[in-house]
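Single chain ahead, written as C-alpha cells, the form predicted on its own.
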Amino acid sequence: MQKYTAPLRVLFDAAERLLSRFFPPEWNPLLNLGALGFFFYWIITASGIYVYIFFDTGVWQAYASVEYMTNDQWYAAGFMRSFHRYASDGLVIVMLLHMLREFSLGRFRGIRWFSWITGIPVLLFVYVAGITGYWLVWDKLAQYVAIVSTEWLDHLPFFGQSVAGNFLSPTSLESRFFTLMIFMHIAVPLIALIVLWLHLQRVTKPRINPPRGLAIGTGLSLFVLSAVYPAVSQAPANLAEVPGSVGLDWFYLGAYPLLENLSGPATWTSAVVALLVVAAIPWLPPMKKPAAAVVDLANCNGCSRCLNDCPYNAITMQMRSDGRPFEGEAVVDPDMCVACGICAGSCPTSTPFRRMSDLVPGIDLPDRTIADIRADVHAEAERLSGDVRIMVFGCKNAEVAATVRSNSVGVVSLNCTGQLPPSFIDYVISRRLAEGVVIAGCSENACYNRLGTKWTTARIEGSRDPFLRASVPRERLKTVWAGRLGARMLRAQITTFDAVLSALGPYRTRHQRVAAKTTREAADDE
C-alpha cells in the first residue's frame, strides 16, 4: 500500500515544507487541519445562529428574507451570511485535505481504521448540510439543486411518493418543506459533531483548537473575503419555469451535471461502490499488525508514565495482579497499540546503565526492545573512528537518518523518537561511545505518532518525566526535526555539529574535570 501512497505523500511533504517558510511549525496550516476544521465548525455555528434570526421559512418569504440580509442589512446579517458560507467552504477543504494527508501517511490502517471509518460519515454529513444550505436560499441555483437532488432520491425505494413531485409547480411546494430543510440544515451538523466525538475516542490529547495566531489569521482571511466578495443569490426560484442557465458552484456541485444526465441506477451504483471502496481501504490489502507493547510486572511499579504518554489510549492502569506492594499496573490493549514505543521511552526502568540484571523495562516492544537499541548503540560505537564521533538516533518514519551514516557517524533506528529514553543520551556521552548525540525525527509539530517529538523535547528540557539529567552537557546534543525531505538539512546540521564537537574536544566526566583542575593548580603552585 505504501508504494501507492508515496506520490501523494511526497506532494504533502513538499507543501508542508513550502508552508514552513511562511509559518512557524506550530502554525503550519497543513499540520493543523483537524483543529482548523473545528475552528470553521464553530464559526459556522455562531454565524448560522445569527443568520437564522432573520430567515423566514415561507415559500415566498425565504428568498426575500435572504435578500434583505444581503442588501438591506449587508453590514451585519449579510456579512454573517458570507462568513457562514466561506467558513463552510473552508470546513470542506480542510476535511478533504485531512483525509488525503492521513491516506498519504498510511495512517488509516491497523488500529487507525476506526478514525478512518468514522471520518467518512462526518464528511458525508457536512456535504449534506451544505446541499440543504443551497436549498434554503431558494434562488435559481437552489431550484436546480432541489430538482436534481429529489429526482435522484426518487430512484430509491424508501419513499412512498415522489419527492420531486414537490417541485412540479408553484402550488405543489409548501412552506413546511422549508421547515424540514432548515431542520436538516441544523440537525445534520449536530449529528456530525457527535460522530466527530467518536472519531477522536482513540486519540489522546487531540488538537481541536488551532494555535491562536493561526486562528486569528484564518478569521481575518474570512473577514476580508466576506467584505471583498460577499455571498449573493441568483434570481429567485420559479417553479413555473424550468431552470435555464444557472451559475453552478463547481466546488460543491461538481457531480450534479452527472446526476442530471446519467441514469439513476448508474449514479447510485457508482456512489455506493465508491463509498464501499473508500470504507474498505484500511484492509486492502490486509495489514500485518506489529506486535503490541508488553508489560513486565517484575519491573513495573505502576507509575503511570506510559499511560500519560501514549498517543492512542492503548494503556490503562488497573489493580495490581501479582501481589507486589504497588497500587496499580499498566495494561496494554493490543487492538489499540501501534507499536510506536513511546511508552518504553517513558518508563523509568528503560535505562541502558543497567548491568547487574537484564535490560527488561516495565513496558517494551517485543519487535524492537530497549535492549536491542542498546546493542545497536554498542555495535555502531565499535565501528566508529576519528576524533569526532557522532551517534544519531533516527526515527524510521522520517526516513532520513540512514543517509548520514559514515565511518564517524553511527545511526540507530527507532520506531519513533519518543521511544528513546533520555538516559541513552547520557549513556552514549558519559561512556564515551561518541562525542555527541543527534536525535533526528519527523518535522516539528508533524510527528507520525503525534506526540513523539513533543515528548522528546519536553524530556530533554526537563519538563516531562523521565528527565534528561541536568549534568548532561547540552552542547553535545542536537535535535534535528528534518522530516522525510530533510536529508540535506540533516547532513548540514551534522557538519555544523561536527565542528562544534571538534572545538569542545573529548568529553570528560565531572571527576575528570576536577582532577584535571587539581593537577593544573598543583603545577601552578610548583
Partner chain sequence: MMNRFTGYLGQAVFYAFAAALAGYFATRPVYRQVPADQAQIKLMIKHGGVRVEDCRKLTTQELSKLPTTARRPIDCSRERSPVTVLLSIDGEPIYQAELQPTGLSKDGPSKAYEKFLVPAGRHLVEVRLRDDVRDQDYKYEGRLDADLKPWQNLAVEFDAERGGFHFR
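Model, not experiment: these values are computed from the prediction. Here the rigid core means the biggest group of C-alpha atoms that line up within 1.5 Å when the two forms are laid on top of each other. Positions refer to the first chain, counted from 1.
Another form exists, predicted together with the partner chain; not displayed. Remarks below refer to it.
Asks: Residue-level contact is defined here as any heavy atom of the residue lying within 4.5 Å of the partner chain in the predicted bound form; does residue 82 satisfy this criterion?
Replies: Heavy-atom contact with the partner chain at 4.5 Å: absent for residue 82.
Asks: Might residue 169 be said to contact the partner chain in the predicted bound form, defining contact as any heavy atom within 4.5 Å?
Replies: Yes, residue 169 is a contact residue.
Asks: When the contact criterion is heavy atoms within 4.5 Å, does residue 239 count as touching the partner chain in the predicted bound form?
Replies: Output for residue 239 is yes: heavy atoms within 4.5 Å of the partner chain.
Asks: Residue 282 versus the partner chain, in the predicted bound form: is there a non-hydrogen atom within 4.5 Å?
Replies: No, residue 282 is distant from the partner.
Asks: Give a yes or no on whether each residue among 165, 250 and 260 has a heavy atom within 4.5 Å of the partner chain in the predicted bound form.
Replies: Heavy-atom distance to the partner chain in the predicted bound form: all three under 4.5 Å.
Asks: What is the one choice in 406, 318, 161, 270 with a heavy atom within 4.5 Å of the partner chain in the predicted bound form?
Replies: Of 406, 318, 161, 270, the residue with a heavy atom within 4.5 Å of the partner chain in the predicted bound form is 161.
Asks: Give me the residue from 225, 117, 184, 153 that has a heavy atom within 4.5 Å of the partner chain in the predicted bound form.
Replies: After the contact test, the surviving option is 225.
Asks: Pick the stretch from 363-371, 329-337, 82-90, 433-441 whose residues have a heavy atom within 4.5 Å of the partner chain in the predicted bound form.
Replies: Result of the contact check: 82-90.
Asks: Going through 204-243, which residues have a heavy atom within 4.5 Å of the partner chain in the predicted bound form? Please give them in sequence order.
Replies: Those in contact are 213, 214, 217, 218, 221, 225, 229, 239, 240, 241, 242, 243.
Asks: Spell out whether the Cα of residue 285 moves at least 2 Å between the shown form and the other one when the two forms are superposed on their rigid core.
Replies: It does not, since the residue 285 C-alpha is displaced less than 2 Å between the shown form and the other one after the core fit.
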